[in-house]
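Shown next as structure tokens: one chain only, the form predicted on its own.
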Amino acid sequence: MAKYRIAWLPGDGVGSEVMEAAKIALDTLKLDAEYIHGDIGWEFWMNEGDPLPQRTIKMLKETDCALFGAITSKPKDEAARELKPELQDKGYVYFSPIVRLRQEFDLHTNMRPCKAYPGNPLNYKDGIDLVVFRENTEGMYGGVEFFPLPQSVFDALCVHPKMKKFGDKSPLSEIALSTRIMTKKGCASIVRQAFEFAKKFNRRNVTVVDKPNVLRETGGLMIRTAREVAKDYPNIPLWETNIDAQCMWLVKNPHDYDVLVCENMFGDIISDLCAQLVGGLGFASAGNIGDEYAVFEPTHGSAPKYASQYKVNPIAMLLAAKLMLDWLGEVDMGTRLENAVAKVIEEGKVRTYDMGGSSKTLEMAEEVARKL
């Protein structure tokens, strides 16, 4: 029996291709694992009305963690039109399967390293080494939304003096409402994860990023909670910034920052900016981590225009595998994999199209495997 049971979730588009690349590296490392395929993605939405079938959730509960490729997501109306005819008008509503995974398994911590590896021609500046901690289950991506706005919800919200004007301006059938729900527990958890990481790896500072001057209640809760948690880490400075200013400062002075911690949507935004500083989404990996389970992924999308061409950069996927190895306790393997990736980038002999080269996805993976 294998030491680990790993759920294998290729997903859509180039997801299966970068997962093939990851398998080359993991097999070279001789990770003692059984890989169990899981159905997830657009095909299952179109044919079953569920991009994350219940059978896949059941399988995930019988594994140690999951490695995930990429997913296609489209707006609600467009997704509904792509259902097969017999599922049309049956009440099926598309919801992102990766978001659902985060909520279903309470994967509260999204960790996104963004590191500039020497020799990468796409680095904004050398020496950038940022880690974003994004709260993964609450905030703007909590999924509590309404359209049209129910009368009961409108009436309940009218306890707030600024709500009534919206009903005066438009009929409820023309009002959409998305919520930003945050709890003190959720804020405290993600901030503590950021500080624990900074403490373990001798990071210089932790910066909490929000917008409390406008989002006074939710942003205010995040900032106040961060200050409370920071008291337990007196040797690590806590900095506080607004999301808009932080985006500017990251471009201007990226080396000033170390660990960033954010609410769900702001973490999504800031981590993509950080990724671009170190070469783009082809280098951006993420771990969705809970108390008992974790899902590891590259943060790029399914890139349908490149599907079946084996063209895209697999480094983000390889670095996601590195995060998985670390989480499993196979730290030596994870370090070897990252060092091999760094060596290939530094040598520059094998580069995918985004790096100015012509190498294919699996050629990059095979070069990394040779370095292993």
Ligand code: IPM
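For every residue, the number given is its place in the sequence shown, counted from 1. Here the structure is a predicted model, which is why all the values come from computation and not from measurement.
Heads up, the form predicted together with the named molecule isn't pictured, but that's what we're talking about next.
With a 4.5 Å cutoff on heavy atoms, residue 268 counts as touching the named molecule in the predicted bound form.
Residue contact check for residue 297: one or more of its heavy atoms lie within 4.5 Å of the named molecule in the predicted bound form. The closest non-hydrogen atom of residue 187 lies beyond 4.5 Å of the named molecule in the predicted bound form. Among residues of the shown chain, residue 273 is not one whose heavy atoms approach the named molecule to within 4.5 Å in the predicted bound form. Exactly one of the stretches 90 to 98, 153 to 161, 236 to 244, 174 to 182 approaches the named molecule in the predicted bound form with heavy atoms within 4.5 Å, and it is 90 to 98.
Of the candidates 117, 257, 195, 141, 141 is the one whose heavy atoms come within 4.5 Å of the named molecule in the predicted bound form; the others do not. Shown without its partner, the chain has 112 as the single residue in segment 112 to 128 with a non-hydrogen atom within 4.5 angstroms of the named molecule in the predicted bound form.
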